[in-house]
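One chain comes next, on its own, written as structure tokens: the form predicted alone.
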Amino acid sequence: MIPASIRSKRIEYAIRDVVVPAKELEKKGIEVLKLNIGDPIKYDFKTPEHIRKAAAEAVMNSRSEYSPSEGLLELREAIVDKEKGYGVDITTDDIVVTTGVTEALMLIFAAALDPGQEILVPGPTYPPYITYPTFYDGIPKTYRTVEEDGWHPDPDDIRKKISRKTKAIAVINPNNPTGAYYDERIIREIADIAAENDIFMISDEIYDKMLYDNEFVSPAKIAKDVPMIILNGISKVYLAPGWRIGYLAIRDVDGKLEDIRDGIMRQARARLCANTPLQLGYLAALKGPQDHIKKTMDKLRERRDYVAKRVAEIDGLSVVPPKGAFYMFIKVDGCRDDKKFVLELLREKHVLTVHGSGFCPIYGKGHFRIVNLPPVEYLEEAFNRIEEFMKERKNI
């Protein structure tokens, strides 16, 4: 056998890794209730019609050319307008359109991290923030977020984990997997730490318009003195996750990110471009009607509240109701092995969730993540099974 690279063997992605045993059950004809993946289209949401039409027209009009490596100019202009609405001062030259936020992360980490250099990421965190720094021989360090404080970051813990090797601090706000929304005070504290240590921030804003009660405030507006790379895309707010169109926007300060910008652009040119017709779909999303967002959040609010109620009624479970996104990070009292818990729940009750340690082995352990995307009837059946499992629960 010809061996695979060591770096490829380090790749893990808990959200999809748990699908493997679920598929084995499905091969036996067993229906699995899936609460594992943040894909609205898998449930009862649809990409808005005007966005679908724009992408279809782009295909039918043979907009199949290679686009510029940094993305179509008209899309980048629309992104500039969107960010300016948040008080962020950038130009089209600061934007790279990517194959989803995941590719944006790969470009950033590959450009910013030499072997042994570090990136601070929230714990728990979206798994690529751990996987891809490791892939590029960097070191991801998770900083503590406090469940009892609404999963807000602990600035003191961030300070303790800064070293001479630290290159950046990442913020995911609203957060995946906890649904937390960090207030301006916390963002300012994190930004002050970055400024004091002459490092940059990564601001993942993919759920920016998916807040239940708050209005989104961009960290780039709060911290105008800190160099920052902003991430966003079409997947969540515009209900088109499979389109894989996102962007990174470099909001520089005093040219501190120029070398990293060059490293990102070299990679962007080498991988050619993002999908051209679907960039035009994202253009329609940004410039067209936005009324689907309120309808989406109304449905998600009902489903969030239902899950919170059910969790509160089940002995041994608790959850901090999320302020944004569509995830619930549920604590299991006394759980010693959350992955075993998730796999036993799948095997015995055929409900698929994701183990909390897959989002951080330190700060995620003893939890499992679900999505509150499905209709209440679907969630009801899933939680009936979860409640049964908890009543029958062994010492896991």
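In case it trips you up, residue 1 is the first one in the sequence shown, and so on. In this text, the rigid core denotes the largest set of C-alpha atoms whose superposition between the two forms falls within 1.5 Å. Since this is a predicted model, take the numbers as computed values, not measurements.
Quick note: we don't show the form predicted in complex with a small molecule, though the next part is all about it.
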Report whether the minimum heavy atom distance between residue 235 and the small molecule in the model of the complex is within 4.5 Å. yes
Would residue 207 sit within 4.5 Å of the small molecule in the model of the complex, counting heavy atoms only? yes
Does any heavy atom of residue 203 come within 4.5 Å of a heavy atom of the small molecule in the model of the complex? no
Please run the contact check for residue 178 against the small molecule in the model of the complex: heavy atoms, 4.5 angstroms, yes or no? no
109, 182, 143, 126 - the one with a heavy atom within 4.5 Å of the small molecule in the model of the complex: 126
Which of 134, 267, 92, 102 has a heavy atom within 4.5 Å of the small molecule in the model of the complex? 102
Counting only non-hydrogen atoms, choose the one of 235-243, 160-168, 210-218, 145-153 that falls within 4.5 Å of the small molecule in the model of the complex. 235-243
Would you say residue 15 moves its Cα by 2 Å or more between the shown form and the other one, aligning on the core? yes
